[in-house]
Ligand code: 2AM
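One chain is shown next in structure tokens, namely the form predicted alone.
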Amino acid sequence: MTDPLHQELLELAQEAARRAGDLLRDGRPADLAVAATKSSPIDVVTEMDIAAEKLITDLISTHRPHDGFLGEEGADTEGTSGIRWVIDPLDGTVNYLYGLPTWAVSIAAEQDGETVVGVVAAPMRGETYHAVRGGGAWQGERELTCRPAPPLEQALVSTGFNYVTEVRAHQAEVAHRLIPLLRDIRRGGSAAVDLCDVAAGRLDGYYERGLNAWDYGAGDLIAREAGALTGGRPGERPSRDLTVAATPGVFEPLQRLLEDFGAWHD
């Protein structure tokens, strides 16, 4: 049985993610990527991002006024209830800008510092994922299980790249060294969706440097509840240094290669 508090948090996260996803999907101008001036598409995306975060925080605060928040667009309050919401209102901003479908709303709830609820809504894919700690991972009514582990050379692994040119160049070097050792590498553009794709068995693994707590908060829980292993550098939790998620059997050799290749530094 789900803890009543966790069930309450889950239902609130699902409702907030649905509403924010609808706002982002329905409020995106059809010609966003070809707007007349260079700044206007970015301005519109930023406005949508901020509006989605405000929608989420306002909805949650109405029901739970004493909770804290940590959000990509500036929400940062302590709260007094022991519950903190970690929010990425639009994960996959460049995809959203270009009209690609792989973007998501990511909402996690922490209780005393531990993630207990995660919801990732990907409106353009028509998919919403959720997990409650100890309750498995789900896409709608379908319980998720990560793929059986293949040999590393048959593993399909996703990653992401930083916006800073120098950092991205080093990440490309790491990927260049990894590619001959794997089946292939993908670059989806949304950390939250990549983590859910590991949970759903669409990827054998995922890694990225430079993520913030709101990027991986919900997806990390969903991946773990589907049976994946997650972490950062060996013996560490996911962090800005490195976030890794993979099916058991792929996780350790992938993590070891990433350590050897220096994927945890710029």
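Don't overthink the numbering: it's just position in the shown sequence, from 1. Note that the structure is predicted; figures quoted are calculated from it, not measured.
Same protein, other form: the form predicted in complex with this ligand, not shown, and the subject of what follows.
- Think of it this way: in the model of the complex, this ligand has a heavy atom of just one of 123, 160, 71, 135 within 4.5 Å, and the residue is 160.
- When this ligand is considered in the model of the complex, only one residue from 191, 105, 131, 108 comes within 4.5 Å through any heavy atom, namely 191.
- Exactly one of the stretches 57-65, 212-220, 22-30, 228-236 approaches this ligand in the model of the complex with heavy atoms within 4.5 Å, and it is 212-220.
- Remark: residue 146 does not count among the residues lining this ligand in the model of the complex, judged by a heavy atom distance of 4.5 Å or less.
- In the model of the complex, this ligand sits within 4.5 Å of a heavy atom of residue 90.
- Though the partner is left out of this view, residue 53 does not reach within 4.5 Å of this ligand in the model of the complex, counting heavy atoms only.
- Using a 4.5 Å cutoff between non-hydrogen atoms, residue 208 counts as a contact of this ligand in the model of the complex.
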